[in-house]
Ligand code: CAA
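Presented as structure tokens, the chain that follows is alone, the form predicted alone.
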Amino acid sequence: MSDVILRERRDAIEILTVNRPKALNALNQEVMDTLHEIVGELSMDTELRAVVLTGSGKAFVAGADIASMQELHPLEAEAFAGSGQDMGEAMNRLQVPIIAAVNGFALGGGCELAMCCDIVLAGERALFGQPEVKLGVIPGFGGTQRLIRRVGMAKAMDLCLTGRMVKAAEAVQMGIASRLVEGDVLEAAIETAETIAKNGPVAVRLAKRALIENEDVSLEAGLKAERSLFALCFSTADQREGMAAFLGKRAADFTGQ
């Protein structure tokens, strides 16, 4: 396995670190292929409860690798964008939550990568943005579409047309990031993952599924899907254990079944 993504396991939590610090962790084909492969591997891990994604050094991911993009012809550019979008879709399909620990630049492809995560924690020095227009191109890894869904049309237009960067506090206010972290953002992400890992694993998976799969449907359709997934919980040992533990005033011992 390539060393452009470092892996660390802490019990039921997988910590992934994009590891190209000299290039500010810019996304090239190797990084995207490796991350996509790892996510596919993690999708088969029945012990996994959460994933933390961060970057090495002073950046989360500063963008896509411009040097590898400069000479692309249109068909190659479409394939490159497709790789980034496929990676993001694989992250969305992963049943367990992915928590981004943004510890610096999250620009262009880095902002798009963060938005593919389920929870985005922004460190005090985090910077987000979609500056592609300054290079004569537009976001290609889902930036325009994910921004609209996170922040609305007016703010998405602002970011995509000006290319301006926003600091952590504004990113939280806009809805790009989930919350601002004072102190060590990676440790905060790990603590968040540990909190999630203590919850009912089946319920966490179904909650993520309910949110992602029904983001763009009508309220009626979303409520119907939620009702079905809620009912499905009552076929699980986790539901029985969780409610018995609550009534018995003890900690639940979930098995993910």
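The first residue of the shown sequence is 1; numbering continues from there. These numbers were taken from a predicted model, which means no experiment stands behind them.
Another form, the form predicted together with this ligand, is not on view; read the next lines as being about it.
Between the options I148, I119, M165, L72, the residue in contact with this ligand in the predicted complex by a heavy atom within 4.5 angstroms is M165.
This chain is drawn without this ligand; in the predicted complex, the residue among A67, V217, I212, L223 with a heavy atom within 4.5 Å of it is A67.
For the three residues L24, G108 and E132, a heavy atom within 4.5 Å of this ligand turns up in the predicted complex in every case. In the predicted complex, A62 approaches this ligand with a heavy atom inside 4.5 Å. In the predicted complex, this ligand lies within 4.5 Å of some heavy atom of G140.
Remark: H36 does not count among the residues lining this ligand in the predicted complex, judged by a heavy atom distance of 4.5 Å or less. In the predicted complex, this ligand lies farther than 4.5 Å from every heavy atom of K198. Looking at 91 to 99, 108 to 116, 149 to 157, 169 to 177, the stretch with residues near this ligand in the predicted complex, meaning non-hydrogen atoms within 4.5 angstroms, turns out to be 108 to 116.
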